[in-house]
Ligand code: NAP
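One chain is shown next in C-alpha cells, namely the form predicted on its own.
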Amino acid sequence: MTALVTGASRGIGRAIALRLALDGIPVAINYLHNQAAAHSAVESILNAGGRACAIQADTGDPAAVARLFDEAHSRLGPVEILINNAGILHRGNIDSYDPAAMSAMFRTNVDGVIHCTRAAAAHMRSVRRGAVVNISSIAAHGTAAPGTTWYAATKASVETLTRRFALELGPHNIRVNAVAPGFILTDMVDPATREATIQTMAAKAVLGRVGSPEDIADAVAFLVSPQSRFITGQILTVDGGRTDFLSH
C-alpha cells in the first residue's frame, strides 16, 4: 500500500507526506517545479527509516497523471491512499475577474482532483479498498479574507466532488473525505508582514493561535487510518474555531 501526495514538496503537502511516513506508509511525493524541495522531503523520510520517492507531474494533465501513478506503483507499490493537495491561488474579486487566472486555478485545483481520483480509483476498485482525502479551504465556506472569491469557487467545487465521489466509490469500499484548513502558517506567508499576519489571524481563532502544517497532517492521517473506517463524504474543518464563522 502506497500513499501519493500531490503538491508535496513544501508546506501542508510536505507535512502530510512526512506524517504518513511516520505511520509506516511508503509515500510518493508529487511536485511540479520544486525538485530540490521534493527530494529534501524524500531524504527526510529515508533518514527516518521510511520509504519514499519524488515524482514530477502536472496533475492538471491526464497523461502526466497516468505516468505519475504508473511510476509510483513501480517504485513503491499500488496507490491505495491519495491526498489531493496540489493547489494554486490567484487573487481576485468580482471587479477583477481574470479568465486566464480562473482557468489556471480550475485546472490545478479541480481538474487535478478529478484526474488523480480517477487514476487512483482504477486500482482501488479492483482491490475493494482505498482512501482519498482532498485538501479544500475554509474559503469554500464563505470567508472574510479579501481577494479569494475565485479561489473559493474552485475549493467549493472540490467539496462538491468530495461528496459525489464518496457516493460513487463507496460501494467499492473506497472512502473520500476532505480537510478544509483555516489559516496555516507556511513559508508562503510574506516575511515582511509575517508577525502582523500571525497576530491578526490568531485573534480570529477561538484557540488563539494560527495553524501549522502538522495540524492538517494529523487530520489527514486520521482520515486515511482504520480509525475513520466508517467516515466518508465528510468535510473536516481544521481552523482553530474561526470566530468570523461562529458569529453568524
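One rule holds for the numbers: they count along the sequence shown, beginning at 1. Keep in mind it's a predicted model, so treat the numbers as computed, not measured.
Omitted here: the form predicted together with the named molecule. The next part is about that form.
For the candidate set I174, A119, A72, A86, a heavy atom within 4.5 Å of the named molecule in the predicted bound form is found for exactly one residue, namely A86.
Shown here without its partner, the chain carries G130, A178 and T232, none of which come within 4.5 Å of the named molecule in the predicted bound form through any heavy atom.
The named molecule is not drawn, but in the predicted bound form it has no heavy atom within 4.5 Å of A3. Taking the partner from the other structure, the named molecule in the predicted bound form has no heavy atom within 4.5 Å of any heavy atom of L18. Taking non-hydrogen atoms only, A202 never approaches the named molecule to within 4.5 angstroms in the predicted bound form. For A57, a non-hydrogen atom is located within 4.5 Å of the named molecule in the predicted bound form, even though that partner is not displayed. Of the candidate stretches 94 to 102, 120 to 128, 134 to 142, 162 to 170, only 134 to 142 contains residues with a heavy atom within 4.5 Å of the named molecule in the predicted bound form. Residues of 31 to 56 that come within 4.5 Å of the named molecule in the predicted bound form, judged by any heavy atom, are Y31, L32, H33, N34 in sequence order.
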